[in-house]
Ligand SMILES: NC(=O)c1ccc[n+]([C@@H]2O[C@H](COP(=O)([O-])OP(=O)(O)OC[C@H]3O[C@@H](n4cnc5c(N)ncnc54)[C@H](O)[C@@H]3O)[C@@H](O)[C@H]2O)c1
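Listed next as structure tokens is one chain, alone, in the form predicted on its own.
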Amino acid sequence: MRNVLITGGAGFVGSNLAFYLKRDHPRWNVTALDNLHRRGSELNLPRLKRMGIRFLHGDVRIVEDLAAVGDIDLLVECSAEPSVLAGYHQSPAYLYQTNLLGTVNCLEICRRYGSEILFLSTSRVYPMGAINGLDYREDETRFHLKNAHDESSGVSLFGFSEDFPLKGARSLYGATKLCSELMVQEYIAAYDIRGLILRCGVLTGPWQMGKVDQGFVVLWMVNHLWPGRLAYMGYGGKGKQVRDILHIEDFYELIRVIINRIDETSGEIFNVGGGKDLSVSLCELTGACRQVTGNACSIDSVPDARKGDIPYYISDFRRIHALTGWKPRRNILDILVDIHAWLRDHESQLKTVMANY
């Protein structure tokens, strides 16, 4: 028996982790707390209810909302304003209050109850200037790293490791997550809390409400299934920028392992993602979505990059693999077929939500 709180519990990552944890541990008390700020998160509430997961409409910015959950022994911190573009053209208040103050409030609950914490951070803690300043070559469909064999630099043909230098600007979003990482480490050291930090790459799969600034894999599939219009933005507008992707259920499999082995991993920071074998460019993603749906999509070309854009990122997850043996099981086509089936099965609900993105 465990009492588990998942913040951001009606969002894409939080709701899926809650669902799978309750599925595998029916006797656990799993609570999902969410402010339902993101459009479409309300669609997850029936799923949570059917699984016997307690839902609380609350906000991590308000410590009393967290305290209302009661005694817990594990907190999975999934709450976030996840957009890299957040704060650039408007006040960053919601961003830092949610992503930083919210984390501190969660840590206070962990201190009060002596509970463990799994903190979901992001690959966007790595500085944009350093990533953009690497040497790249391009072929017909994607960018590749050149001269990426010196692993002491924190980047290799396997991708970016936890040792990649952190000096430089990383986006307002990335800064809030890096600051939160520091607070998590301080609380672990000061109050003997057990916990760890996962720097996640692109997570995707069913129940992600993808839009331009977050959730691009689902966005691409949506606009091929229900033909719409997309754009290759930045770096010449050719769609050659590369990211690795990871199915949410593969991510859960790692969470399950970590929960059972938290004594071995407490205080650590790990990069988590699909890695080089699950990397894809936008151009390649377009071809794969056409293959799965049988449809084409109009794609514009916007040569100039936006604030916060990077041309290339692949997660080097060898450190967590060496410790746990975990690695992704689903390939890119598996991920896209799964997303496609979910969209088709829930078309009447999702078309309305996605149309307003």
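Note that residue numbering follows the sequence shown and begins at 1. Note that this is a predicted model, so its numbers are computed, not measured.
Not on display, but discussed next: the form predicted in complex with the ligand.
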query: 4.5 angstroms heavy atom contact with the ligand in the predicted complex for residue 177; finding: yes
query: The ligand contact in the predicted complex: residue 323, any heavy atom under 4.5 Å; finding: no
query: Non-hydrogen atom contact residue 36 with the ligand in the predicted complex at 4.5 angstroms; finding: yes
query: Residue 72, heavy atom within 4.5 angstroms of the ligand in the predicted complex; finding: no
query: Single option in 80, 221, 278, 117 placed near the ligand in the predicted complex, where near means a heavy atom within 4.5 Å; finding: 80
query: 265, 214, 241, 105 - the one with a heavy atom within 4.5 Å of the ligand in the predicted complex; finding: 214
query: Whether 58, 61 and 173 all lie within 4.5 angstroms of the ligand in the predicted complex by heavy atom; finding: yes
query: Heavy atom contact within 4.5 Å of the ligand in the predicted complex, the stretch among 162-170, 226-234, 198-206, 282-290; finding: 198-206
query: Members of 1-31 lying within 4.5 angstroms of the ligand, judged by heavy atom, in the predicted complex; finding: 8, 10, 11, 12, 13, 14
